[in-house]
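Only one chain is included here, represented as structure tokens and corresponding to the form predicted alone.
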């Protein structure tokens, strides 16, 4: 039996949930299909901070390679999206948090309440939410997407609709796609996301004729200790070394390779092509007692991230002086002579500005100076990919020539180009792009009904 709707949404994370609820509020009958047995995707594993760039200038400065058209609409829609979330009754902080990830603005929320409110909106409008229904194929007729085939407990099930929204969470857990797009050693990345984020949306869209976006090689994640015996959802937040921007970061050759003050989510990406995709954070007791123990933003929780890294098996060292610390790090296979040269050059550059051995040192950078001194071995992780399906500002999936594919839309981590090396936020952009896609998908379906 074929089930018929106005809009089908693939994926129940924050992007898909927003798209489904927006379409339902627009008058569409919606089917929200989730491949897993539970709803919420990676959003349900997050701290619930809805944030993005405060304005277009800030967006362009932080993400100069981003899509400025999408960026403009993102920041313009942010305030209205926050008010929409408040209207659901879910908790949203009264006052914003600023300087998130060094530049953003956002609000702490109850993400589980938001996701549940979106599902209630769908069912209250006569729609359906289905778990355990992975979508295996898009139905394409005369060049238009007109439905999906999902694998259910009772076998393949055909869902028909004039509009389909893809919001499956990106391809951060697929080693083949990571290696293809991010590059060699990307399959070493530890995933800090939902297990279902394996590129379903990208594959489905490509099969229907979608093109590719810029930013296919960039992603969001954080540095975490090395080695780790386990890395489960409960570890994703406490193990992240958010304070790394205040350290000296070296590779196994004992050399710096990136300006640390760019922030943890950016230097995490820079580590992937380095030898063995591993690095060492070096910092002093001042950083340990301040930034390493601070709550990066409300809802994340304050913890001593260095002590946590030690407790869970990360390779670490401490000493009263840097001269005593270097031999301990060298025992890990790091070039001690090069490391000493790196630390000396960094200290000189931090005093005068400029660069150290050819690598920038930002104005305001602080060299390690207050003992004891510490080091921890780290590895990169990935939460979601920045590249994916190219879209219009109405969430339409685009072909390689930039033309909309009739009936196909995308949102959240399945889209590409909004972030690119620089990070425009996760939950808020997903929620907002879900609104674009849900609104346009409903309009197409309902307009077809009117003309029929």
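Only a predicted model underlies this, so the values are computations on that prediction, with no experimental measurement involved. Numbering follows the first chain given and starts at 1.
Another form, the form predicted in complex with a small molecule, is not on view; read the next lines as being about it.
Only one of 191-199, 350-358, 119-127, 74-82 places residue heavy atoms within 4.5 angstroms of the small molecule in the model of the complex, namely 191-199.
In the model of the complex, the small molecule sits within 4.5 Å of a heavy atom belonging to residue 49.
Contact between residue 208 and the small molecule in the model of the complex is not found at the 4.5 Å heavy atom cutoff. Put simply, residue 45 is close to the small molecule in the model of the complex: some heavy atom of it is within 4.5 Å. Contact check for residue 239: every heavy atom lies farther than 4.5 Å from the small molecule in the model of the complex. Listed residues 427, 389, 53, 31 were compared with the small molecule in the model of the complex; 427 is the one with a heavy atom within 4.5 Å. Each of 11, 36 and 168 comes within 4.5 Å of the small molecule in the model of the complex, counting any heavy atom.
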